[in-house]
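Take a look at the structure tokens below, where one protein chain is shown in two forms, each on its own, as structure 1 and structure 2.
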Structure 1
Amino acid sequence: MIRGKPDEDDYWNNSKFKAFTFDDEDDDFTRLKESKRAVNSIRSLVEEEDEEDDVEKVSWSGEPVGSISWSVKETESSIRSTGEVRDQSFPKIHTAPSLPKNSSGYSLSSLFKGKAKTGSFQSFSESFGDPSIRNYAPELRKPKSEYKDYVSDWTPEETVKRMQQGKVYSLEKFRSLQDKLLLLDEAVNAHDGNVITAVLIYLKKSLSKEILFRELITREIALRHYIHYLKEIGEQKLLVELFKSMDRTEDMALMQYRDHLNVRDENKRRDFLKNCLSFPFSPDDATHVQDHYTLLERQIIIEANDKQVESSGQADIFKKYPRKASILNMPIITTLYYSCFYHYGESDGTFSSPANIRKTFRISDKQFLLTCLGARAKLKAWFDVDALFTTKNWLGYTKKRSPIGFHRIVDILQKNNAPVQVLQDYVNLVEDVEQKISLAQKYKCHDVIINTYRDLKDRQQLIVYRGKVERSSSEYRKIEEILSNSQLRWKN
């Protein structure tokens, strides 16, 4: 088909595609104008619905609805939410008429004001109950007072109170030495040991030990809590340094001495105790450490010898009563009991002799007697028991004496199943008459009771007791002989 020249010019000059120009209709300014026209159209609809309300409508940020600033913010938020890029076209807002007015009892403004249009009896809360017309208002910001728990800008006094109340707190904000000391002083003034310890733990982590020791010297209460805390966690080395910086040499020596508990090998522990002898202990503590070293050294010697003798079978005592445990690291009284049990009668020159142990460690007569009595009564060595209490005067007469009451000796003998004759001998030595009769009745020492009533010349008590023994027994016949003795003068 042959076109004319005018037609050809129209064909080449016209096209359904437009060339790029800076005055393109899809630029930001054109989109802004379209957004404004859309908002104005909505505004006109709202004003028609609520003509009686002349109150200016504003957005949540306080800007008038339909203003240019409001339109710009709405456009920007729309672009960010949909992720559109610059070269995309701005979405067209359809301004088609909405539903008829009589289809809803609410206008757009009434939804925010909680007012229904005239003739509608539906409440504001009911309108939100309908999912089709439910609106969600943005959550209001909480008051600043409620955000205080999440802010760490507290004074030392406020921080201590929060620690006492179990609330969230932070000690990291106290960075300077002055702030840390103020915090410690507030904790001490609160008289709360847990708070004081918590602050001291923070100071231990954040301060050098030299500065911390220097400041604790002038704070006695905090110092005591800090010493107790170090003892609880086992910081012996740091505790020794603390005592040394305070010139408390005796406490430092005791803390170093306490480390012997961590040494398991007996020989190494003995050597450690030997080194402790040079520490600056007080006189009483120095004596205690010296005795500890001497005792362990002696126990090592006795243990080695007895273990060899027991394995060789040379001593009958070890055959009859095998050792149940080692003597190493045992207390002095346990060592004495062991010596009285296995080495009784040895000469004073041997380390295992009870007399040598008694003399070396200054054991009192009462303690030695009770320990030795328990060991010899366990072996049923009644002759050795008698020898413990038998003494001679300057005329050569023997008499039984004891630094403890004989009623206690009777109890010990009875626990070790002593025969009645042995019990009667020691019950007779009890000085109190009522206590003597009570023990005799308890352990059935009939001769003691009969002789006591005879010495008291109490005929009535003797007759009463006669009814408690068997007629065919020797005790019954003895009571009959006493009652028939005309030479006795009874008091009743």
Structure 2
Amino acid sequence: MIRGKPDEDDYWNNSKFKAFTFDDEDDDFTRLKESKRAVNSIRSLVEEEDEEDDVEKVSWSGEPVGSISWSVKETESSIRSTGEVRDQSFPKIHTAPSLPKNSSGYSLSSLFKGKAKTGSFQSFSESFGDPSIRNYAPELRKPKSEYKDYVSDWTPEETVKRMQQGKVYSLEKFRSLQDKLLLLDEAVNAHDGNVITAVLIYLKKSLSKEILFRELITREIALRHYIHYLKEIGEQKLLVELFKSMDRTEDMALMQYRDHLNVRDENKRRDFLKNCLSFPFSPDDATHVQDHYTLLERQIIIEANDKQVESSGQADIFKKYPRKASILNMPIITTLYYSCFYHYGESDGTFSSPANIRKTFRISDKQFLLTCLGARAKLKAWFDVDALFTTKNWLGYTKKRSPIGFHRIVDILQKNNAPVQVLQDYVNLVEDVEQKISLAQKYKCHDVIINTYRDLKDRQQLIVYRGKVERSSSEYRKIEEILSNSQLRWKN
């Protein structure tokens, strides 16, 4: 093989790489064989290395060997990928192609000697990494002045190391795909996100995106760095392409959906969301997004209408309780609350009616009850509150029912400052007697307590309770009355 100038070397590498990337394997191997024949002095060594490494090679790229320099690098990486060996003086990449010539200065046997074990390559490489050889080798190759340009010929590992330490480095010479990938893998091995991203930026600039995406699929860590980087610099379009090429369509949809947060104007936001509907969300998310669109659409209509009504001063409710904020972009439950507050009793057909909202957004009984209760209690519309729980059975009897325990209802009512008369109705409905009494005591529902003790025929407790109420009060009289009732059979 004729030793050319370094530039030509580069070119040679480069074209070589193209050849075997796009040609089929057989062709590669014939080329390989040819080049091997050209370097007869070391051929047997290389071939053996090749065979040894066959398995590992697939692990990082799956590409066949292209030339000697590749096989050398291949070996390096396979040594490294086995992990434990951390040799810091790998040969410079550029000394590698000149291997045959240089090696003539060494006895071949010394190379063979070291080859027996897995770690053998270290001793081999150390001998080339040695500074003394560095000085002597260029004289064989090229004049010193030219050599000076190549001081920055660092191996992937050295390059990564220098980058970590913030020293001068150069990525320009990692031109072949394998070189680039080797560099990337080295950066990933160094666990330094900063360097990984730096390498990825270089790859982004120097590789077509199809190739880069393809290689990233098998490199999870690098991929996540790449995605994060693109997110940070806001390259949305490229990210979409990336997700698409990897079939991560749900991620893509979510990411695009996220953008709606940046759309301020509600009409534009609605249109944006409408546009989102066609994205490939997961089934669950698709429902959510559909809801989101419908919700905002409704809110815009309600808002426009209510604003007009409020300013014209037509409706009492808005005069009495002016709206504190617009309903736009509020959650579904808040919207329901709003509708229960301002639009209670509207017919099901209108967008703003509670029933319609309940139906459209499939709101559960519990949710509906809690929200509605809160809103009506706030307005002190106790009649509405009662109506919420009242059910008629087929005989026409009315009964109060609730999907949540009545003790919680009492709690909510109390927080909305319900009067004792209202509260005690609900305290009475609490099934657990002890809970009923403790709630009644907490909220001073005397009647409930007195009646409960009476029903329990618990004279002692009633007497105790008599001591707690004021002498002149109606409660006191009531207790007296009960205690003096001779028809009651007290248990104590």
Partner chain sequence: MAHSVRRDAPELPDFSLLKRLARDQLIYLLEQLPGRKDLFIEADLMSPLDRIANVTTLKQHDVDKLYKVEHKPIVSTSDQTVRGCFLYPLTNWFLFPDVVNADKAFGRFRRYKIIFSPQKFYACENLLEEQGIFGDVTTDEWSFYLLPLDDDIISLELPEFFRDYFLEGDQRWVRTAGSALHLLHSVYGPFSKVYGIGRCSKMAYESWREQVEEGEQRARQAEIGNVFLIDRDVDLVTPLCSQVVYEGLVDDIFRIKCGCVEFCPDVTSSDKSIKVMLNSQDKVFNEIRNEHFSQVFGFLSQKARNLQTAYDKRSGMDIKQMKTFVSEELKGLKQEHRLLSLHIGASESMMKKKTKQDFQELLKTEHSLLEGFEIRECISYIEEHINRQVSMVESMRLLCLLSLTENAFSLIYSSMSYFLSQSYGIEHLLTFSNLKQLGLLVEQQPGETLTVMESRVGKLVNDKTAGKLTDAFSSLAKKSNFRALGRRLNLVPKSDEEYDLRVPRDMAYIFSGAYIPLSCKLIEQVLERDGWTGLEEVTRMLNGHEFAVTAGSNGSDARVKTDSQRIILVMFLGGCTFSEISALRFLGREKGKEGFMRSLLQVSTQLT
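If you superpose the two forms and keep the largest set of C-alpha atoms that fall within 1.5 Å, you have the rigid core. What you see is a predicted model; the values in this text were computed from it and never measured. Quick note, the numbers are simply positions in structure 1, starting from 1.
- Comparing the two isolated chains, structure 2 is the one taken from the form predicted together with its partner chain; structure 1 is not.
- After superposition on the rigid core, displacement of the C-alpha of R258 between structure 1 and structure 2 stays below 2 Å.
- Core-aligned CA deviation for H225 between structure 1 and structure 2: 2 Å or greater.
- Two rigid parts account for the change between structure 1 and structure 2, and C-alpha superpositions put the rotation of the smaller relative to the larger at 18 degrees.
- For T197, the Cα shift between structure 1 and structure 2 is 6.7 Å when the rigid core is held fixed in the overlay.
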